[in-house]
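To begin, one chain is listed below as structure tokens, in the form predicted alone.
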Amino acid sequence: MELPSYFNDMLTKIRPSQDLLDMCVGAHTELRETLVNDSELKDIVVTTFLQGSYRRSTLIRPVNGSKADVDVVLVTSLDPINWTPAQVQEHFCQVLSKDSRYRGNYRRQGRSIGISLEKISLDLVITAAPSGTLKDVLKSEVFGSEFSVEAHPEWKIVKGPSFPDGEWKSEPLLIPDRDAGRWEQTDPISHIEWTHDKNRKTDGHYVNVVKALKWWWTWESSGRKGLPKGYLTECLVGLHCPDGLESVAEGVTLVLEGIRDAYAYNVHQGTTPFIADVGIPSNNVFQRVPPDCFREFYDSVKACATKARAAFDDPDQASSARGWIGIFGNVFPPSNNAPASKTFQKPSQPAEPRKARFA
């Protein structure tokens, strides 16, 4: 069964609390203001915006001592020819070191600078080389920092006077990859646009399907290293989530079955599939997932797909709920008050009228 109220209850439990979301807002706002107002950066900072699961409304409640992740993109006018990725990171680490809130709390990562706060992990992603048109878009109100998918379901970048040809077309930014020693293309704007569009085409169910399956996989993969994590799970959900969904239960079932059916050959051949990046289709987001780790992920999906189909097709409310609990655990509400069966039970004796009661 679809059990929409049960899934709504579960989604309430796995979403970040309002207090945590307020902390996210405070953390990213402080970081962005620090960077934009820094005297050393005033000539190179264009603007900032949010990306990642926080912006796309696919963030789930942190578990096992983890923190809520918020990705902050810093758009700069740095010249990639004159700045190496290592130099870019060093420059911005020095800026962060001047602030007591960040001093000693940041670390260099391959393509970003990670900042660890009490309950929040900020990823500072430095980018460069935006065109004049892209600068106008990013600095405009239409690309406001709080335009998350759930809070602003109708958001889109529309045609306007800022676009010379009368139509917006996404453009990649350049991101410094310290490990590779070169600048590479990234297009988070396309991913944000795509997620808004997909959520509209699924009647708002898409982001909830993502959250449900990210929650399932977080617990299913707990403690096992090298397996695909949240973002990669989201990429596969997006690829295999059909339009026109009528419920989260339907979306979960069809996505799991889609993944199972699409990659059986890869598992048989001992390979990891090519999963194209929404923004840069030539990039394989699963490039760093070893074949044995993908097989482990696939085997879990295959087993879960069978459970999901059984729970979805089950006409009995109580046993269907037990089936979904077998997938999502105790965050899925049990059907304690549901009848064990919808089969009519013949009374053992005639009904007798009771005496009226008055207040």
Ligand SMILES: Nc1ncnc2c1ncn2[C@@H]1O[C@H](COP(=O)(O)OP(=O)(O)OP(=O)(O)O)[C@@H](O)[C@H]1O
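Everything quoted here is computed from the prediction, not taken from an experiment. Sequential numbering from 1, following the sequence displayed.
Another form exists, predicted together with the ligand; not displayed. Remarks below refer to it.
- In summary, among the residues Q51, S319, T47, T29, the only one with a non-hydrogen atom within 4.5 Å of the ligand in the model of the complex is Q51.
- The contact residue chosen from P273, P85, G230, G238 relative to the ligand in the model of the complex is G230, the criterion being a non-hydrogen atom within 4.5 angstroms.
- Contact with the ligand, judged by heavy atoms within 4.5 Å in the model of the complex, is confined among 321 to 329, 55 to 63, 35 to 43, 295 to 303 to 55 to 63.
- For the three residues D19, M23 and E150, a heavy atom within 4.5 Å of the ligand turns up in the model of the complex in no case.
- In the model of the complex, no heavy atom of E193 sits within 4.5 Å of the ligand.
- Taking non-hydrogen atoms only, D69 approaches the ligand to within 4.5 angstroms in the model of the complex.
- The ligand is not drawn, but in the model of the complex it has no heavy atom within 4.5 Å of V95.
- Contact between R178 and the ligand in the model of the complex is not found at the 4.5 Å heavy atom cutoff.
- Using a 4.5 Å cut-off on any heavy atom, the one residue of 193 to 223 that reaches the ligand in the model of the complex is K214.
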